[in-house]
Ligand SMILES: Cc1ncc(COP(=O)(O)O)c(C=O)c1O
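This document starts with one chain, in the form predicted alone, laid out as structure tokens.
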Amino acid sequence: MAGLVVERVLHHLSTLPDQPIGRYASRATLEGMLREPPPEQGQSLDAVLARFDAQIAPNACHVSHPRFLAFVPGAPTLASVLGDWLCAGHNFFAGVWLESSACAQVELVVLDWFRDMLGMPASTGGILTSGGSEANLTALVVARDRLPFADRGRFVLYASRERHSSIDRAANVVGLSPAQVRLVEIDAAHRLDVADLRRRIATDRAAGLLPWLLVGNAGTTSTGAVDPLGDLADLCRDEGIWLHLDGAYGWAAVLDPEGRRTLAGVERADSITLDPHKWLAQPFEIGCLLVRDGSLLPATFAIRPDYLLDTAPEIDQVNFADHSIALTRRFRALKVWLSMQVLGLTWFRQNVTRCLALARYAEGALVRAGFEILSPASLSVVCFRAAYAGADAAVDRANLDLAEAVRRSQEAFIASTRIGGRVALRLCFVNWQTTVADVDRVVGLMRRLADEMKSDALARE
């Protein structure tokens, strides 16, 4: 029976570049296909998988497809998928040392690998999470708990206007009011404006408020911009402010010499969020939080109720349930450990280098095809749009229509953002399967569709 699933997964992975991207269906269509009460009697796996093949798989997009270049996609290797299968099959509980000593040890090793990649000190500790949103929330909780309850109404959090939306959610969850969040201006390269940040901090101190935490970007989602990390670290040191970096997308660039230069100063963070299920080619879900003073994690989260007396760790043991919100945890480290053992760090380093090069190549291909570059390649993201005559609102609408036309083709998947108030389309390269030929195909497809849409518009006039 298991062979039927294995066969499907292996076929899917081996033929993915030749498959359509996938599609999204209407709610009404899917209700008609899938709405039903739970069956009283079981049926053969063959029959159930036939429904999966006909009704579920075709109505979802293949985020791992080499021409899925929207958002920040994930594209796991077969080795990392096998690690996830081993985890699920063994149903490891990775919460306490008593039940999962080897699992905890592997997680410690993987966290230290990440720490060393970034150049952070030996005092650094961490936790593997479901993703970047959980990691960002965990960081804010740890930083908040360092300060007295009586002062929490005066905390101020600073973040770039290009922050990830999970920061806003996390600020809300930890109890900050909107008045306690400062959105700092960005410069022409979409990086946090340090001068504006200094002015805001000085104004808040003069008003009797407590500048508390700064969120810097080590690779923004929209443009791949990296804030001036060294300058931010200097400022936070001088002002006594916690520096949290959101490196969910961009952190893996440290594996490349050029990327490491771009991320200079990342090692000085008080905490940093990473997402191995992005550029490190792991299956969903695996995020990570590293904290410079690792002892703050158990100091914030450890609780020992009566029913867990047996799980109290010895001095050299680690209960990862004491380091974050969740008690029940998957053995997420296994897929990273297994894929690193099978492929070697060089494979991951080469993928990062290749993706950086693909972004530069894509920028040139877009220029040659007549597209307007709104944000040059930064890390592995490039933003652009089709140039149309007309009012800004009409040009924005035309570019949104172009993105939708690309998605409907099922040859590629792109998405939009806004840069300087204008709609931009963007390509993000983290997929180890994406090639120069894929870039040429996507750019050619966009050019053809844009020309067809322009001709249709002229024909209607």
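In this text, residue numbers run from 1 along the sequence as written. Computed from a predicted model, the values in this text were never measured in an experiment.
FYI, the form predicted in complex with the named molecule isn't displayed, but the following is about it.
- Not one of A79, D84 and K335 is positioned with any heavy atom within 4.5 Å of the named molecule in the model of the complex.
- Contact annotation: of the candidates S166, T262, T124, Q180, the single residue with a non-hydrogen atom within 4.5 angstroms of the named molecule in the model of the complex is S166.
- Of the listed positions (A159, M117, A359, V72), a single one reaches within 4.5 angstroms of the named molecule by any non-hydrogen atom in the model of the complex, namely V72.
- Taking non-hydrogen atoms only, Y249 approaches the named molecule to within 4.5 angstroms in the model of the complex.
- Looking at S339, you'd find every heavy atom of it more than 4.5 angstroms from the named molecule in the model of the complex.
- Taking the partner from elsewhere, D275 is found to have a heavy atom lying within 4.5 Å of the named molecule in the model of the complex.
- The named molecule is not shown here, and in the model of the complex it never comes within 4.5 Å of any heavy atom of N351.
- Stretch 214 to 222 is the answer when you ask which of 142 to 150, 313 to 321, 190 to 198, 214 to 222 has residues with heavy atoms within 4.5 Å of the named molecule in the model of the complex.
- Shown here without the named molecule, the chain has no residue in 409 to 437 lying with a heavy atom within 4.5 Å of that partner in the model of the complex.
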